[in-house]
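Below, in structure tokens: the form predicted on its own, a single chain.
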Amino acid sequence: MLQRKKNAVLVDGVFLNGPIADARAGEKFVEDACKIIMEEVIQKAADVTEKVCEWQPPEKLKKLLDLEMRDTGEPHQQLLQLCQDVIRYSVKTNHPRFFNQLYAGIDYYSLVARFITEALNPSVYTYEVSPVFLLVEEAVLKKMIEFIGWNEGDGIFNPGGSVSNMYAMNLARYKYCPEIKEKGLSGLPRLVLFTSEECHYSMKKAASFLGIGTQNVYFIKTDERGKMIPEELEKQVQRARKEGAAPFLVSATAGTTVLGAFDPLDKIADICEKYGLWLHVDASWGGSALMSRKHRKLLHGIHRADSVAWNPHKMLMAGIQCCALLVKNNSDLLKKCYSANASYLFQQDKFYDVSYDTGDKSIQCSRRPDAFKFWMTWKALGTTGLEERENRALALARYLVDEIKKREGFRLLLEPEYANICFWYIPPSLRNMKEGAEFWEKLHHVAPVIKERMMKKGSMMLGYQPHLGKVNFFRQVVISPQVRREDMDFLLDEIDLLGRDL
């Protein structure tokens, strides 16, 4: 606390002279904390000898962290120790052997961008308070729109692909019946939307949240690879119309969460045109393949979509969260749908071009400058560097697939078309067993045990799940450029080491 000056002004028992915070002490704390971040996080990010996690059960971790907040503040040295403890017991998602989710690794340029935005603490709604970041967002959205194949469009960055999908659903509904914005749901026909049975669960949540109802989400059958079957989609559209419902939206998926499947967008677009339906493509995971001339064919037909969700924080490593909703319609549909015209923010008589005050096309008020992270990475690597990152990840995935085929005890669920490699590990005790109900029941328990062992050992992290009638299997995802061929070999060796006694 600073010493109070002479002639201090006292109001309601509070001294108003001078700042209450000690800036020098604060700056020293930031400096010391940054050293810890540099040494314990950044410099160890690519070190495979470090643990991926220091696993502790919840009750023990509560005691180790000293979570209690007290009436009086704690000394800086104690706070720095807390910083070290938080880092020690957190999962190192930037570790080369973290394969657990659809994000991984560390992008140094995006990280610096996050340091800058955290320090500046901006909110992206008006040009007057966020001039740089609004222009950055505009530039990034324009470039992403080009990669989709549109001549023009609109968009906005959102806190997650789930939110982007909800935006798209609401936008499609608004386009179908604009009066809903003011009159609400009463008097509307029963609205129905269609999506793959392999879609992200956010579609179901969005239907619930928006009052459409989960029973009005018609899930379309998929083929053996997890792709929506267009003929089944058309059958369900016709069924809904016969029921007297009002079909308004089809949500296709470009890169499903588990299998990494890409729906046939061109054929789905044909059906949407035939029946006058809004086509949304959830490319949160697979959208980054658009950066690759070799792999962009996976999204053939995406230019025919009305809206696209694309998360650069996944394969392109822009840092969580970095998620864009892109809209083909360039007639201010986003703003018409979401604007509330708050007069204290969006005054029309400002001294600059108010078209740059883009915040009213968001359901949020305060909004983070997430596009800046992607912009910084793109500036550093260039389009060629982002393409190389995508191509290398998929080449490593191909290498792992080939190795799985060679090794006894490993079996692919299916030949992958993206970075999702789904496979079973069959321990020696089951390899000569007849593949009946007992075999599959026993195999179902293998992956969870191996996962527990790897977590407690801290050697790596790999996800598993049951899926559409198939017993628990591993899903390995390659993203980080820090991952090497040796890490692919280690993954298979470690699974065998941890599971051979089962």
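From 1 onward, residues are counted along the sequence shown. The structure presented is a predicted model; accordingly, all values stated were derived computationally and were not measured.
The next section is about a form of this same protein that is not shown, the form predicted together with a further copy of the same chain.
> Within a 4.5 Å heavy atom cut-off, is residue 73 in contact with a further copy of the same chain in the predicted bound form?
Replying inline: Yes.
>> If we define contact as a non-hydrogen atom of the residue within 4.5 angstroms of the partner, is residue 486 a contact of a further copy of the same chain in the predicted bound form?
In response: Looking in the predicted bound form, residue contacts with a further copy of the same chain include residue 486, since a heavy atom lies within 4.5 Å.
> Even though a further copy of the same chain is not shown here, does residue 437 get within 4.5 Å of it in the predicted bound form, heavy atoms only?
Replying inline: Residue-level check for residue 437: no, no contact with a further copy of the same chain.
> With a 4.5 Å heavy atom cut-off, would you call residue 143 a contact of a further copy of the same chain in the predicted bound form?
Replying inline: Answer yes; at least one heavy atom of residue 143 falls within 4.5 Å of a further copy of the same chain in the predicted bound form.
>> Within 4.5 Å, heavy atoms only, which of 430, 271, 129, 412 is in contact with a further copy of the same chain in the predicted bound form?
In response: It is 129 that has a heavy atom within 4.5 Å of the partner.
> Using a 4.5 Å cut on heavy atoms, which of 331, 151, 214, 77 is close to a further copy of the same chain in the predicted bound form?
Replying inline: Contact residue from the list: 214.
>> Only one of 273 to 281, 380 to 388, 418 to 426, 221 to 229 has heavy atoms within 4.5 Å of a further copy of the same chain in the predicted bound form; I'd like to know which.
In response: Heavy-atom contact with the partner occurs in 380 to 388.
> Which residues, if any, of 40 to 69 lie within 4.5 Å of a further copy of the same chain in the predicted bound form when only heavy atoms count?
Replying inline: 41, 42, 43, 46, 55, 56, 57, 58, 59, 61, 62, 65, 66, 67, 68, 69, in sequence order.
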